Every structure is written in C-alpha cells, then in structure tokens.
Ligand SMILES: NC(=O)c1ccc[n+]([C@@H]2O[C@H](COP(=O)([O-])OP(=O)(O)OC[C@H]3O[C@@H](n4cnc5c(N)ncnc54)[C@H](OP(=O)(O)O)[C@@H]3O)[C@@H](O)[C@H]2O)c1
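Just the one chain here, laid out as structure tokens, in the form predicted alone.
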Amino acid sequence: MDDLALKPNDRVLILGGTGFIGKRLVTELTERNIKLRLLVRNPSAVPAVILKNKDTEIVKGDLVSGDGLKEAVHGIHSAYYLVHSMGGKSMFKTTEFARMDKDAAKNFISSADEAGIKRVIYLGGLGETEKNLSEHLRSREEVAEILSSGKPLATVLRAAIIIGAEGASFVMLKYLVERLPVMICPKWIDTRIQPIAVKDVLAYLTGSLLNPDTAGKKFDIGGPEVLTYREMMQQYTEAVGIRRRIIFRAPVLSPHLAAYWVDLVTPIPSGIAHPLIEGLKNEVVCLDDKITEYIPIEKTPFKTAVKIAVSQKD
C-alpha cells in the first residue's frame, strides 16, 4: 500500500469541486496542504476562496464531452468523483441525465487508466440493487460499477440523505416542514432512512484519501440514527423550535404529483424533486459499519446536524 499513500507533492483531482459537497471538500483538503486540481465547465464561476489558493489548479473541461480530461488527469495521484446529475426543470429528463452520468463515468475511467491514476474515491448512494431501486439510485450504483472497473483502485462511499445547507434533500425537508403546518404525504413518509451530517461525509471522504487501506473497498456511511421521513420531519421541528406538524399519509399520491407539489412549496424544480421523491420508496440504511475500522469518527446526531445546517448561509 506504500505506493497508494499520498505524498506531499502529489496532486489530487476533484470532479464536482464547486458543488454542495465538492466545495466543502476543497476547504477540508486545502487546510491539510493537499495540492488540488479541479475540472470545471465554467472557470469564471469558481468561488474566489478557491481561486486564491496557489496550490489549486483549475482546468476547463466537461466530463460528458471529454473536453479537458487529458489535461485534468495528467500527473494526478488520486481523484474524487463527486459528479451526479439529478435532473433539470422537467421530471421527464431523468433518464437522459442517467445516460449522461454513465457516459461521463466511462470517459473519466478511460482517461484515468491512461494517465496511471492510482485511486478514485466516489460518493454514491445507499440502496440494494435487488430491491427495485429508483432510477436515481440505480444510476448511482451503475456509476460506482463503472468507476470500479478501471485500473485505479476505487473507494466507494454510499450515503443516504445528507444533512447540510444547500443539499437538495435537506432543502426539500426544510421547506416542507417550515412552510406547511399540515401535510398530506405519500406512503414514503414511513420509509426508513439513515441520514448523515455533511461534516461526517467530509470526514469519511478525507479519511479515505489519507488511509490507503480503504482503496478497493465499498463502505456504507450513515449517522447514528435510523429514522422514517415522518420522524425526520418531526425531529426537524424540535431542532429548530417550531410546532410539530400534522402529517397525513395518502398512498394514492404518486411520485409525479408529489414532485409537482414539492415544486410549488420549495425552491426545488420538479425535475430534481422527482428523483429525490422516487428514491424515497427505497429503504436506505447502512448494512454494516465497517468504515469505523478505517476512519473512526464521532457521528453527528440528526438534530445537531439540522441545527448546524439551518445556521449556515451556504
């Protein structure tokens, strides 16, 4: 494993470095003096806090078209793959985005093979393939398989709902609870979920890079509690100090109708809400806790994660 250990002059590539998780990971790794490179479609949109770091390189490119990939992967030791399309404004383009995700993953792993990248770390989603996965979760599993098929040793982290400001799942939860004192919800409100705080996700992502023994392995990551979506909504009210909500279960409410409903009461377009809601039909609970053998952390309770998220502006 010595050749997999990160050395001071090694450079790490982050794909998706300006997204919800990516920009936070950039901060985490920068604080550890790790040299970074980001592949971005629009360099002018990169936050100034990232650009001011002299050890961070920016390469313009696109994973789907393959533009800029050769330059991006050159001389890279390890890469983070944090790219995953949810959908656009319309819910009817989910299939198109899933196809683009697979194309992007194939383009990357082909370039990574040629460049001799040693490791790739991927943040995917929980969910078992034999249990009629939603298209959104199935796409994440397919990307994990593609990234694991190349020469770089893949570390796959699988998470359920991530609790953090700007995260689509958290924003949906926040607006539903804060704007609707009474809710009529589909049967997915009683699906079991193991949410995880964004700070814990970052700890696992960083720890995976720094511990080469995680290479070539798949880990389920989650917080300390397993909750239904109904319990998450009610615990949210307790965390932020508002009155508990009245929730009715309506099994006839389809994912399509629920997506339009979420579109009306939250800032999330139906094209993003639909895959999130469809994914809630699947129980997403960690099958094991073996990640703690490699990266022991103190897991953040759900209510604490909520309080942190609502106190942040980004």
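Just so you know, these numbers come straight off a predicted model, no measurement behind them. In this text, residue numbers run from 1 along the sequence as written.
The protein also exists as the form predicted in complex with this ligand; that form is not presented, and the subsequent description refers to it.
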{"query": "Contact label in the predicted complex: T191 to this ligand, heavy atom within 4.5 Å", "finding": "no"}
{"query": "Interface membership of L29, this ligand in the predicted complex, 4.5 Å heavy atom rule", "finding": "no"}
{"query": "Proximity of S169 to this ligand in the predicted complex, heavy atoms at 4.5 Å", "finding": "yes"}
{"query": "4.5 Å heavy atom contact, V73 and this ligand in the predicted complex", "finding": "no"}
{"query": "Candidate from L123, A105, V177, I117 lying within 4.5 Å of this ligand in the predicted complex - any heavy atom", "finding": "L123"}
{"query": "Candidate from V83, L173, A215, A239 lying within 4.5 Å of this ligand in the predicted complex - any heavy atom", "finding": "V83"}
{"query": "Per-stretch contact check against this ligand in the predicted complex, the hit in 29-37, 49-57, 62-70, 284-292 (non-hydrogen atom, 4.5 angstroms)", "finding": "62-70"}
{"query": "Contact test, all of P224, R230 and F302, partner this ligand in the predicted complex, heavy atom 4.5 Å", "finding": "no"}
